[in-house]
Ligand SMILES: Cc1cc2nc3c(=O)[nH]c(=O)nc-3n(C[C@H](O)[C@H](O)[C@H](O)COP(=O)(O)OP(=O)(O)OC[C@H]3O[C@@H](n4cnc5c(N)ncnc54)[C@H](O)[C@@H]3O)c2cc1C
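Here's a solo chain for you in structure tokens, the form predicted alone.
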Amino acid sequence: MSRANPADPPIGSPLYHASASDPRLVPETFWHATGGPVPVGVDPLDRDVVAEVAVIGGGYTGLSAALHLAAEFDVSVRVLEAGPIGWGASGRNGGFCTLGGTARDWAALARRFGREEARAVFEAQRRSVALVAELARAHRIDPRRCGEGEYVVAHKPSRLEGLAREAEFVADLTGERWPVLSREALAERGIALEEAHGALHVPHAFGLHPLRYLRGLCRAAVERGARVHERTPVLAWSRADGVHRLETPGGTVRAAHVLLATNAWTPERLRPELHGRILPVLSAILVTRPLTPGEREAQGWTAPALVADTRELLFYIRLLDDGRILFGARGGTRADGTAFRQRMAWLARRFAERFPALAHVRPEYGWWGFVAFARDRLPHLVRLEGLPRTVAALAYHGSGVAMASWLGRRAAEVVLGRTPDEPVPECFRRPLRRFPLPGLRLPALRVAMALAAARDAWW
């Protein structure tokens, strides 16, 4: 039979340069250089097949769902990943397994949805971190766990008061008491850098090797009977006689149900129902060479900690288990090659400012990719209007290692029409609304980032 032309697969958003969403371009990350054995049994689809559930996207969400569908429900499932396993955000992120997924603070959640719903979001986030550890134990995955808890550092003295208020609110909401540390107490824990005037310590977090974890999920899903196909972009999606038909370069999948698990690389040009639902936002990372013990001591950064600052356009930092520092930042609204080189040079300068004792250290690795924002700044597990028997699980706002794993498991239940074993917050089930004037998302983002940068600098 004839196939759609795979020369320009409709991957990702049309807002950015096409190279940023080309699944044939594999990112050169530290994780890919140290990610261990690549998955086996994940060859591209090469024939027409039938499945109960087709999953579009082979990241944490899609593979967690596929593992659950195959292992718990004995359902035939096909995972279609446009690039190699780990091509998208699940293979490019900073390895922060933390409470997250939303871009709203606890007080804002409680004001908007009520305290009970805010508690439900907290419980979902807590369970999501625990699930990653559980999956690693149950399926013999070594994610190179490194660093316990997350430190949210005040990048200005004025931000300490806000961290203290957050700690008080969390204590009142959940009963948990998170310590607020002074600059001196933070340094005593082996975390010293410029613009760290104290920190809030969040206990529900740990660091990991994101690609090793993802590849372990993939192996587990295949071992339990899921069929995973990398380098298999969906080129066309139609529906007839109650069955979805997903056309790829090598074959077609006919499925009763579809789970869309594409997050920041949601293929907006594939179906009109997908256009304008997600705002992809760039995030860039550099990784240094291994630092000597003397270099780490000179800087005062000796703990394998997970650190993020209080900026809206935040910086995030980890000391990895081999002595390297990972340093990342949000920002940037162009995704071509020139913009990438400029962004990495900017990031190296910001690293030197925050680590003056390490200003001589040059990055060994640098890369970037997209995180996904929804209009309401919440994760979503929803049925898409206009696409019957289709569920979307996505929008993790740059903190999806844990939440994507958990929401993928819940999506496996929802796509089959089952009630989830663990309750999904109602605010996550709200419709995934389209951004107003979707074609203007990037100009609006530029304005929003300029305002955020001003607030970060002056308040």
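So that there is no doubt, residue numbering starts at 1 and follows the sequence shown. Everything numeric in this text was worked out from a predicted model, so none of it was measured.
Beyond the structure shown, there is the form predicted in complex with the ligand, which is absent from this document and is the topic of what follows.
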*Which one of Y316, W301, F373, Y151 is close to the ligand in the predicted complex, taking close to mean a heavy atom within 4.5 Å?*
Y316
*Looking at L381, I278, V234, A199, which is the one with a non-hydrogen atom within 4.5 Å of the ligand in the predicted complex?*
V234
*Closest heavy atom of A261 to the ligand in the predicted complex, within 4.5 Å or not?*
yes
*For A221, is any heavy atom within 4.5 Å of the ligand in the predicted complex, or not?*
no
*According to a 4.5 angstroms non-hydrogen atom cut-off, is Y213 in contact with the ligand in the predicted complex?*
no
*G398: heavy atom within 4.5 Å of the ligand in the predicted complex?*
yes
*Would you say all of P10, G57 and A89 touch the ligand in the predicted complex, counting a heavy atom within 4.5 Å as a touch?*
yes
*With the partner removed from view, which of 93 to 101, 126 to 134, 69 to 77, 152 to 160 is the stretch that lies within 4.5 Å of the ligand in the predicted complex, judged by heavy atom distances?*
93 to 101
